[in-house]
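Single chain ahead, written as structure tokens, the form predicted alone.
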């Protein structure tokens, strides 16, 4: 062993751990959804504040407006995607039992997809008036 070996990471420690490319993509997507949520949340809060005290017909008409419906759907998709990404990181960091980590990841992804579909379906039903 030479005196420089202590500065090198042995390849045997890195083998089988997968590619390092996926983490960067995850990081970037999480930041993009965070920035999108910043602007969309301001819009949604403003919409809710303007509808405070409004009757049902007025609120339904506001949500049915095409621009409002599109922005609400964008908010919902970004929110559930961002939530799934954040919970994925928490599970990866704190759940150390392999089968429990996989089950938790699947449950979180299923719950986020189901909630996003239900939310988008509700907005679409209101927007189409059905």
Partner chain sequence: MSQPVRPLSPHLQVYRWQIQMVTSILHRGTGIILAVGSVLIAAALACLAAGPEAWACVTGLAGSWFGLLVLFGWTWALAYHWINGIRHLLQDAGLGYSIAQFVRNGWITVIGSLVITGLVWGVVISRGGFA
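Please read all numbers here as calculations on a predicted model, not as lab measurements. Residue numbers count along the first chain shown, from 1.
Below, we refer to the form predicted in complex with its partner chain, which is not included among the displayed structures.
- In the predicted bound form, no heavy atom of residue 105 sits within 4.5 Å of its partner chain.
- For the chain shown alone, residue 66 is not a contact residue for its partner chain in the predicted bound form, no non-hydrogen atom being within 4.5 angstroms.
- Contact annotation for residue 78: none of its heavy atoms lies within 4.5 Å of its partner chain in the predicted bound form.
- Among residues of the shown chain, residue 31 is one whose heavy atoms approach its partner chain to within 4.5 Å in the predicted bound form.
- With contact defined as any non-hydrogen atom lying within 4.5 angstroms of its partner chain in the predicted bound form, the contacting residues in 80-108 are 80, 82, 83, 87, 89, 90, 93, 94, 96, 98, given in sequence order.
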